[in-house]
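Below sits a lone chain in structure tokens, taken as the form predicted alone.
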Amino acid sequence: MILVLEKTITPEQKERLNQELRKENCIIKEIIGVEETILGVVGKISRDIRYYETFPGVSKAIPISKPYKLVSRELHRDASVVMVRDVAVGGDRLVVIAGPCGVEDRTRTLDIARAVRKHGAVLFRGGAFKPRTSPYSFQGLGEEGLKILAEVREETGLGIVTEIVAPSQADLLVKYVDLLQIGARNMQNFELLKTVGRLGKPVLLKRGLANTIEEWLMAAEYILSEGNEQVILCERGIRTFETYTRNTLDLTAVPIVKKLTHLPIIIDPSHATGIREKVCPMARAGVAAGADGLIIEVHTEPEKALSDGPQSLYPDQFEQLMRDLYVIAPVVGKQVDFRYLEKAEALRKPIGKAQSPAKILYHGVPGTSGHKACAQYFGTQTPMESFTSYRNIFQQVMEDSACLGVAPVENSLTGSIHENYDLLLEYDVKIVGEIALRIVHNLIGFPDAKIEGLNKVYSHPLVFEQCREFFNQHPSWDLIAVKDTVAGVLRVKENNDPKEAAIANQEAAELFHMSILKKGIETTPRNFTRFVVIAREDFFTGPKDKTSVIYSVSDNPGALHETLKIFAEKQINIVKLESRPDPNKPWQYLFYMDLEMDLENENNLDILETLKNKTEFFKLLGNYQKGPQAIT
């Protein structure tokens, strides 16, 4: 059952309630939300649940209708994120696990690991123990294979995923493995499920060949009931009458599971299809369906593989798949981050003179696009702090080398956000990264509200501009500006008027338990906002392929042309060029420019020097790795 607690409940009242529940030998899980705190209670309760409503501080008692309790959304409304080393499965960044079906030898395994690491995988799969249909097939290298996997982790930084096939292997595997896999054939091996539930390691639970979704979730319940909440579900195809592919990939499982449980779900298109040429299309489809990640078989020489060669991608095919996902992911609110592990390592180290851990600054509150940009670029594990103005963010970043800021600079519909370009000129900070975030605007109100009955809508002024065509259809509405989108939703909720609505993203609606009256009201679905990451000094190592600069030229004919000619002659692409008034010189202009190059690379220093010589004022804003581009 679920016990909803009153806001006024005292610690003493809560402890008395817990004591009563412990008498029933219940599992008690406290979940603190934005608006209410609940106790999830699992076990055989002898009393009528209405008895617990008599306790001081208890608002109401609600039975859990599903046979699975701990994995249910009824008990845990927010989606869970499972950490595998530095990798967050279930967050805003798409997680791709890649590697061979089985560990065959040291040299080949390391070659595969280097290839998938280079192209964007963040975890490495490889079986040391292989349950096979035939007793005469390759069964894996056992502990020797585990030692090779440990070497892969040491060299590449990739966390290790491998299968456990018997409870007796538990003590051995926990020494080597970061994510334990329960294969399809063992999904209902209940003793094995109990064992991994007690180990405390993250678990990847594959769906059985002929199991229903409910049976799959009940298997997960076994693991959680033993105290291990770190479970990732994996849809890997089910057995049907169709024989063209190895199995039938059940993509409907993704949205169904997302609704029924808080656990993250990934897709295994390799085992689902069994055919190399079908893996990439189904991987793309899985991401479009809302999967939190993929597990892909990759081999440098699949024709020589000892298991599952026909379904293993070549490294160049895996590279192309990752490039495709890089473009697709933002459409469904996620990102493929090719620098995932480097960022995690950089953020883990104390930085600056004070040797403090990194902190990310953003404008707004949780639920706004600034917060979402932080989560997609850095993950939610790094401490974040909200600010009420962008100027305060720039000031804090300049004063504290341990702080990084995230600020929007342009939108694909409404253009540049000039305030932040001016702050880039004013403050001595550098752009160290960027991210393009797809913006979906939703009309949000009360569940029983009707669009025809609305008369007021709250949101940020830029949001109104991005939804101009929608509002042209409702000219009688009053559009009321607020400081950010979440503030608009909060205003509607506080006013408790069904004739009022707000525009914000889905997260804001969920945060305040409001309803989406109409989804996607932006003028075009190609609505992206580009955010830049700022720091006082270079924060990330590695290759850079984009540069931002500001400069001015003399008031002579052809002066601007002379600077542009530098890049034309070198075949360097200018992706943005915009003029802004010089705040210190009336009727004089500065030029903001983004270039597809690293202007401070030693091979380009002559270009940098030539550009400086042809300008009156020059400031290099930063060299960094470009982010995913908006869909065109």
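The first residue of the sequence shown is number 1, and the count goes up from there. Small disclaimer: the values here were computed from a predicted structure and weren't measured.
This protein has a second form, the form predicted together with a small molecule, left out of what is shown; the following refers to that one.
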Hey, in the model of the complex, is Lys372 touching the small molecule, heavy atoms inside 4.5 Å? no
The small molecule contact in the model of the complex: Arg185, any heavy atom under 4.5 Å: yes
Do Leu179 and the small molecule come within 4.5 Å of each other in the model of the complex, heavy atoms counted? no
Counting only non-hydrogen atoms and a 4.5 angstroms cut-off, does Glu297 reach the small molecule in the model of the complex? yes
Among Lys343, Lys430, Lys130, Arg530, which has at least one heavy atom within 4.5 Å of the small molecule in the model of the complex? Lys130
Please identify the residue among Arg93, His271, His441, His363 with any heavy atom within 4.5 Å of the small molecule in the model of the complex. His271
So which of 557-565, 476-484, 122-130, 281-289 is the stretch with heavy atoms within 4.5 Å of the small molecule in the model of the complex? 122-130
